[in-house]
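In structure tokens, the next block holds one chain alone, the form predicted alone.
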């Protein structure tokens, strides 16, 4: 089987992290976002992943070459010269996706994190005889999204309603699809929306089904949702693979610590924290609801909550970093500095406090 991951553009909502690497290579729970997806696809027998990309393809491919051999999966790029929306990239990659087997192929949005129940999706798709199956997830406020109206008994998609004013359902598109090759015949090579132009036509023909996604789901394309997504991911890890989480008197709740990270005495870490490879957390540090990326150093008695600390960054002694502060790569926060929602571009030194949310250029 094959899969196409819609990598897309510049990742502006996750700046300053995406000033250093393309968005799919930003670490999430101690490995690049896209690797979570590729590993899950490999588990269900996918042999080739095509990345639909219009930005820095060489950076992506150079990075992923290592994983090709480790995972035993082929990774290629299909590069857009102009933005083609969410369906156009499928037409562009047609020759890479069709291999004559007639097997369906996966399509994923690269921002989506979940438990990726791909095996269940394959079974559902085949049992319904669908031309296309989309995964949907239930939300509390459907009026903020495009709602997928589904027949409860059969899973057949009736219609799509964009940001409904009256309640028509609570299921939204989760950005994970399984499509028969015939779907490609419906897509022209031009900027096209798969959600607004392609799927409604398949639904009108009675050939589109929706499977409700079990477990958690989050689009982690912006910082607030990234932090929420980490909490949901760690909760799922607690249920499914608790041995991967850290334990000890200094750990509170769900915490992921890379085996090469070093943690000092008298720390309190958690809940909902990921500490990446090569990180150093000195004595007396307090961490909660945050990510500390590769090779960062958190100095003595500092406190970090609800924030993202980028690669090779340093937080000084007795510093306090909170309220969705994002430090880009190689940022140095000096001792006793306070950051309240500062967004700091790479290679900066912060010598004075950021008292209100602001971008530091």
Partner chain sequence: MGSSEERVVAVIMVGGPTKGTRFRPLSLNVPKPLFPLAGQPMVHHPILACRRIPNLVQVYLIGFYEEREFALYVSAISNELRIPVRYLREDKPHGSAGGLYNFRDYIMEDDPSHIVLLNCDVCSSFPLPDMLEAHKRYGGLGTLLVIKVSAESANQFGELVADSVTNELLHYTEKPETFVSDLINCGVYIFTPEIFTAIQGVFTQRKDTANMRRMNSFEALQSATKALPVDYVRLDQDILSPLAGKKQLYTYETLDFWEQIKTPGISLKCSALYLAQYRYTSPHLLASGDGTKSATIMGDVFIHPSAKAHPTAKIGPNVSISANARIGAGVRLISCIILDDVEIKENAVVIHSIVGWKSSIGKWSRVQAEGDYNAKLGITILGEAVAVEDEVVVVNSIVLPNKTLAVSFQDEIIL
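Nothing here was measured: the structure is a model prediction, and the numbers come from that model. Numbering follows the first chain given and starts at 1.
Keep in mind the form predicted together with the partner chain is missing from the figure; the text below concerns it.
Novice: May I ask you to check whether residue 24 falls inside a 4.5 Å heavy atom distance of the partner chain in the predicted bound form?
Specialist: No.
Novice: Residue 346 versus the partner chain, in the predicted bound form: is there a non-hydrogen atom within 4.5 Å?
Specialist: Taking the distances in the predicted bound form, the answer for residue 346 is yes, it comes within 4.5 Å of the partner chain.
Novice: Since only the chain is shown here, I'm wondering whether residue 355 would be in contact with the partner chain in the predicted bound form (any heavy atom pair within 4.5 Å).
Specialist: No, residue 355 sits far enough from the partner chain in the predicted bound form that none of its heavy atoms falls within 4.5 Å.
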